[in-house]
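There is one chain below, alone, in structure tokens, taken in the form predicted on its own.
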Amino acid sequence: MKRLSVVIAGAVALATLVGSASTTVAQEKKFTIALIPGLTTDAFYITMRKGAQLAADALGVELLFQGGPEFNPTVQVPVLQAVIARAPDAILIAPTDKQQLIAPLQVAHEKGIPVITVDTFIDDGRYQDGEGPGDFPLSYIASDNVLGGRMAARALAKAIGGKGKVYVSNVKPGISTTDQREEGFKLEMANYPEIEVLETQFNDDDANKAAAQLQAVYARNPDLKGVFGANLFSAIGAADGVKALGKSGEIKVVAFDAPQRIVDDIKSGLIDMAIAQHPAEIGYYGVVTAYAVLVGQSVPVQIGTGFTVMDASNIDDPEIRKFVYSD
């Protein structure tokens, strides 16, 4: 969050750059921008909300934050419908399914509400190209999840000495971000011929299920060397499974995302490394992008944010700890 404060000036300057006509429109109406997270209780989205609020405060817009308790399209769609009924000026959303959110978001688009996706995407994520039913969002703001998966693979390969059996603990197929992380992981692991990537285990965002799967994979493969947890619950579950087996330090765990629980596990040696996204930046730039659209400015169709790699050697560094997600 401290890092974000240095770019407030850029957001405020945006109001000046839009021109006198657009500024007059902005002064006559206070815009409302809705942010619909994947779920409301995840530290990742709590941190995203803080970044979004920082931008909203700087630009003088109202931020509406509304979501569900589960990362599930059947939960998210009614939330989206309720938000559309409130007629916000723009919608930022982290879609919980690449296909199932296309039609509900199309309703917002047809009502003239600009749609921007954050963290996750719909369809193929390539917007405004005239191809596919889900190309209508104006922008996609997120981490490069394929790169993040590659970074995780390199870290795990180094940790196990470039050989052995590993697998991916993932949520379920159809979620854009975790699909891409798995893709990047497998692409990078192809560069390590002595590493065997076992079948992916899908845990439905249930850490207990992920822990049980880790133990089952180990029972079939007692020479298991490592696991990549493609999201928070996958990583926590895998770490718990390793702990239950008494194999901490022997079975290496690389996590994606960095709430306090992951930090604690890094300190205890249960997790070897975490690839931390910058969710506050995603929320911040989401609001700035929506505001630019509302005052008549063009926006890039994709905005990428970075990563911070956390391990035992740097986890207490204040410059690293500021990227730990909020609880």
Ligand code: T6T
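Just so it is clear, the model here is predicted, and its values are computed rather than measured. All residue numbers refer to positions in the sequence shown, first residue = 1.
Beyond the structure shown, there is the form predicted in complex with this ligand, which is absent from this document and is the topic of what follows.
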Contact of residue 44 with this ligand in the predicted complex (heavy atom, 4.5 Å):
yes
May I ask you to check whether residue 139 falls inside a 4.5 Å heavy atom distance of this ligand in the predicted complex?
no
Although this ligand is absent from this view, report whether residue 257 comes within 4.5 Å of it in the predicted complex, heavy atoms only.
yes
Does any part of residue 289 reach within 4.5 Å of this ligand in the predicted complex? Heavy atoms only, please.
no
Assess the spot marked by 120, 177 and 232: is this ligand within 4.5 Å of a heavy atom from every one of these residues in the predicted complex?
yes
At 4.5 Å between heavy atoms, only one of the stretches 49-57, 298-306, 62-70, 36-44 reaches this ligand in the predicted complex; which one is it?
36-44
